[in-house]
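This document opens with one chain alone, in structure tokens, the form predicted alone.
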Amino acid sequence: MAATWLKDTVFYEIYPQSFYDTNGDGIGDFNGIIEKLDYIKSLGCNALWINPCYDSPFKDAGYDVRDYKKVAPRYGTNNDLYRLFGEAHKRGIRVLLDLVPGHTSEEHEWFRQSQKDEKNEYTNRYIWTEFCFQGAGDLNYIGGESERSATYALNFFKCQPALNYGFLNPTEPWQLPIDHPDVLATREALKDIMRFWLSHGCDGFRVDMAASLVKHDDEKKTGTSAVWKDVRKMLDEEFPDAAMVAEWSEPPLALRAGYDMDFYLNIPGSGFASLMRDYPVYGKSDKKDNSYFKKDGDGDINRFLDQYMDWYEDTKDIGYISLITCNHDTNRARYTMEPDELKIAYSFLFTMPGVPFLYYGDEIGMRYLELKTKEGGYFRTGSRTPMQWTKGKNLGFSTGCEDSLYLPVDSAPDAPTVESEEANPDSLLNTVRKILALRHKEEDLQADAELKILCREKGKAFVFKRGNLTIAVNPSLKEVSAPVSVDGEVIYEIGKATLGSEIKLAPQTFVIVK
């Protein structure tokens, strides 16, 4: 079962390059996160997920790790990160680091040693074929860049050679089984990295590409699951309070593999995508956006529920599904949605079971910007722009020159900022604070309280229960009702609800009744 502290936890995801710059070099840093911890706490977030902050050549925004035990100098020092852990803990805030287990940078010392012709302890740390002109089968590979006569497999970009966790059913001499001593050494090296950060105050990890470890795995990810079960055993014995969330998006597999949480991600055609991003993942098209929370769309909550409820019923006793407002790989919801729509959407996300994640800047409705790629971001770059704090220089992100900024800030005259949102009682920011405060107050809104669907018929109000609370949703511009008898005290309301033998919801209404 999941770490007990997750029951009443809301995460805040920070892309460190873009959060807050304290030394004027145009890049966010650990001291900037420390300075904003009280702000994060004021939102109702009591845990952080920090995107990769390790030493890296930054060909993929830090997901190409050069040294797992050293932080990138752009953010500060290891001691600065240790201090961040301590300052967060003083405020009751837990901290997850981003773990990248499937690959390293091609500049990592392990890989440098693995490229050598002479055999050494790192020769099989990565996946190599037997000859310089032999491909790696169905895996992407690189040749011609190493001393040893072989090609090596990739896990994602060209700069990311795949670490060797073995093949479930090897068919070639160069494919090692998952119990080979050199493969087990890779697994032990991963545990060693985790022990290092946990012993310095980290509270766990978000795990990048968690399902990618064992190659030629079966549909149930038997091989990869065996790796994570072994890691979980180590955590249970040595760091029982540590938590892990998977970038897997198959909770029945991830949670049974030892994870506390698994993300429900914006995969095209998924139920999650139907909520706020019913358009091609790589950009807009002429197709009408029928996202459920678009007020002028024709969305259907069942496109979400059909997948979600199967997962929920299967996993509710073993771990949590994590819903997100966005992440660093996903277009911000503001791309097609307005703040009034986001108020209802976020109220829904933050009242569902599991452990939710709020992406930095989503609480003020930061926009997705059309930008050229930065550090391997490509279309994702527009969701990684600097946090907007004030109306001042660089929107309060940095005192540095505009051309030194990691990415440009939103230049629109009405670019939302924390400063302007805090001054408006009816702002998106204050709505987020209100719903998160209620989640912390009402145990029936927290991670493990029961979920029961009362009405999910298209064209009617969507009504569900969390414990003893009844929640009704109408994101559309039409008045709707549901044949559900609802009576009690309204403890949260956007729009207007009429209670009785049936519930009636005015356009764009979200209500919680106790």
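Bear in mind that the values here come from a model prediction, so they are computed numbers and not experimental data. One rule holds for the numbers: they count along the sequence shown, beginning at 1.
The form predicted together with ligand GLC exists for this protein as well; it is not shown, and the discussion that follows is about that form.
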item	value
Candidate stretches 360-368, 376-384, 109-117, 318-326 - the one whose heavy atoms come within 4.5 Å of ligand GLC in the predicted bound form	376-384
Close approach of residue 103 to ligand GLC in the predicted bound form, 4.5 Å, heavy atom	yes
Residue 160 within 4.5 Å of ligand GLC in the predicted bound form, heavy atoms	yes
is_contact(residue 247, ligand GLC) in the predicted bound form, heavy atom dist at most 4.5 Å	yes
Partner contact for residue 341 in the predicted bound form: ligand GLC, 4.5 angstroms, heavy atom	no
Residue among 122, 239, 156, 279 with a heavy atom within 4.5 Å of ligand GLC in the predicted bound form	156
The unique member of 208, 289, 217, 87 whose heavy atoms fall within 4.5 Å of ligand GLC in the predicted bound form	208
Residues in 48-64 close to ligand GLC in the predicted bound form, defined by a heavy atom within 4.5 Å, in order	60, 63
